[in-house]
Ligand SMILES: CC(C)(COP(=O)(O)OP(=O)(O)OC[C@H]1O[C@@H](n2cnc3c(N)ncnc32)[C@H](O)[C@@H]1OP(=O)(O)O)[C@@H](O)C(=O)NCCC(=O)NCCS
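Just the one chain here, the form predicted on its own, laid out as structure tokens.
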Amino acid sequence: MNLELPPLARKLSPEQPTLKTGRLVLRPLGSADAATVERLAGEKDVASTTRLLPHPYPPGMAEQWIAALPSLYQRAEMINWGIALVDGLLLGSIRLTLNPVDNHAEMGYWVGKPYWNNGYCTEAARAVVAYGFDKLDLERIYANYMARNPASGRVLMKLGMQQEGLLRRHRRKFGRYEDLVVCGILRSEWQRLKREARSESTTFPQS
């Protein structure tokens, strides 16, 4: 990284970091993951509630997308992690799209349908938000979800995000217009939540 880059870009390590949680490893994707990404992202129900996943998922698209990720990281445009179990099984993907000028990022994610309703999205997203605030010193992280997908909204609420707005008929997916809910959290709010969590963990009931 050269010193002419914005401060956010200079905070990125030369190699993309791997993040670990209780059940998950968030790691850079490689060419060996392309077939799994293509299979999981190829599910219509997965693509239906995401902005960027097409359906049908074109053969070879996953390999091209994965090959482009390292340069996006080096240019401080995006950090994309594969969501995997500790045994290596790939479940999905999560990203931060960086805005160095405004010092904020948009978070997006998807998890393969066989792994829904296990809390994996929340666990991965919490690690990514912590990285964005604690390591990159972002001022704000935000995310959007389609109004007909309340499960994604519940993930964001568990992170402490607040609904900031509703963009009516803002997204066109599979030929229909979708309302988009905008949620966000500030660094000061994240820090307050961390303090409260630490306080609760050290508070014991009086006998």
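Predicted model, so just to flag it, every value in this text is computed and none were measured. Quick note: we count residues from 1 along the sequence shown, nothing fancier.
Same protein, other form: the form predicted together with this ligand, not shown, and the subject of what follows.
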| property | result |
| --- | --- |
| Distance check, Leu26 to this ligand in the predicted bound form, heavy atom within 4.5 Å | no |
| Exercise: Tyr131 in contact with this ligand in the predicted bound form, heavy atom 4.5 Å | no |
| 4.5 Å heavy atom contact, Ala151 to this ligand in the predicted bound form | yes |
| Contact of Tyr57 with this ligand in the predicted bound form (heavy atom, 4.5 Å) | no |
| Listed residue (Val111, Leu136, Ala84, Ala127) with a non-hydrogen atom within 4.5 angstroms of this ligand in the predicted bound form | Val111 |
| Contact assignment for this ligand in the predicted bound form, among Thr97, Thr122, Gln74, Asn103, heavy atom within 4.5 Å | Thr122 |
| Interface stretch in the predicted bound form with this ligand - options 57 to 65, 29 to 37, 161 to 169, 139 to 147, non-hydrogen atom within 4.5 Å | 139 to 147 |
| This ligand in the predicted bound form - contacting residues of 37 to 55, heavy atom within 4.5 Å | Asp45, Val46, Thr49, Thr50 |
